[in-house]
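Listed next as structure tokens is one chain, alone, in the form predicted alone.
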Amino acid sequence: MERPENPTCAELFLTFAKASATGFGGVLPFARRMIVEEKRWLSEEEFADLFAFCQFIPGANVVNLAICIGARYRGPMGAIAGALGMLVPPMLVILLLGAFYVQFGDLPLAKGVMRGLGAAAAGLVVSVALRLGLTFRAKASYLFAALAFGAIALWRIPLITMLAVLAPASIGWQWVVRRK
């Protein structure tokens, strides 16, 4: 895959602003498509690895991703441009929706819209998880993903406990597999 020139801070800002503005309720699918398919800033595998890292550090995963990509290409100013691109458009939308909700939130139509948006966001998250799953080559990766899902969604194990157990186990597994 031929890489384009390093993006400018303005391009970083505008790309992440577009992703955050179009991805209401689920920015990750839009950000992945722009970063991997359109801009070709990262390969599918690099994206999966970087996003996995961004899930372990504090903060919103996609904002962390924008900061990491911005820093990779333009240093601290790129990190700021990526973060602002991810944060400014949704902040403006939230302010407008908040004002709308204060005025009309009790109406049945407004409640229905909010339920529909929640369902759409959940579908987007599942679609990205499935697409990221295609980048895994080892069947054990699916096992660890299933265990993480079961630990949190089914058995209600706290996230920090699940991470404390499964993160070292999956890292250890990959270490053993790659040594062979």
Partner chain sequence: MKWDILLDMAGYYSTLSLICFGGVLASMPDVHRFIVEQHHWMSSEEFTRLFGISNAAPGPNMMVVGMLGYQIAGPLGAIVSFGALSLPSSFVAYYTGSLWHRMRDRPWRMAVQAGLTPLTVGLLLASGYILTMSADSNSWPAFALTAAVVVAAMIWRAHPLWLLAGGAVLGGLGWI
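Positions refer to the first chain, counted from 1. Predicted, not measured: the structure shown is a model, and the values here were computed from it. The term rigid core refers to the maximal set of C-alpha atoms that superpose within 1.5 Å between the two forms.
As for the form predicted together with the partner chain, it is not shown, yet the points below apply to it.
Novice: Do heavy atoms from each of 55, 60 and 86 fall within 4.5 Å of the partner chain in the predicted complex?
Specialist: Every listed residue reaches the partner chain in the predicted complex, so yes.
Novice: Determine whether any heavy atom of residue 107 comes within 4.5 Å of a heavy atom of the partner chain in the predicted complex, and answer yes or no.
Specialist: Close contact is absent here: in the predicted complex, residue 107 is far from the partner chain, nothing within 4.5 Å, heavy atoms only.
Novice: Can you tell me if residue 161 lies within 4.5 angstroms of the partner chain in the predicted complex, counting non-hydrogen atoms only?
Specialist: Answer no; every heavy atom of residue 161 is more than 4.5 Å from the partner chain in the predicted complex.
Novice: Would residue 14 sit within 4.5 Å of the partner chain in the predicted complex, counting heavy atoms only?
Specialist: Outside the cut-off, so no.
Novice: Should residue 27 be counted as a contact of the partner chain in the predicted complex, where contact means heavy atoms within 4.5 Å?
Specialist: Yes.
Novice: Can you name the residues of 151-171 that have a heavy atom within 4.5 Å of the partner chain in the predicted complex?
Specialist: Residues within 4.5 Å: 152, 153, 154, 156, 159, 160, 162, 163, 166, 167, 170, 171.
Novice: Superposing on the rigid core, is the Cα displacement of residue 146 between the shown form and the other one 2 Å or more?
Specialist: After core superposition, the C-alpha of residue 146 moves less than 2 Å between the shown form and the other one.
Novice: Is residue 52 among the residues whose Cα moves by 2 Å or more between the shown form and the other one after superposition of the rigid core?
Specialist: No.
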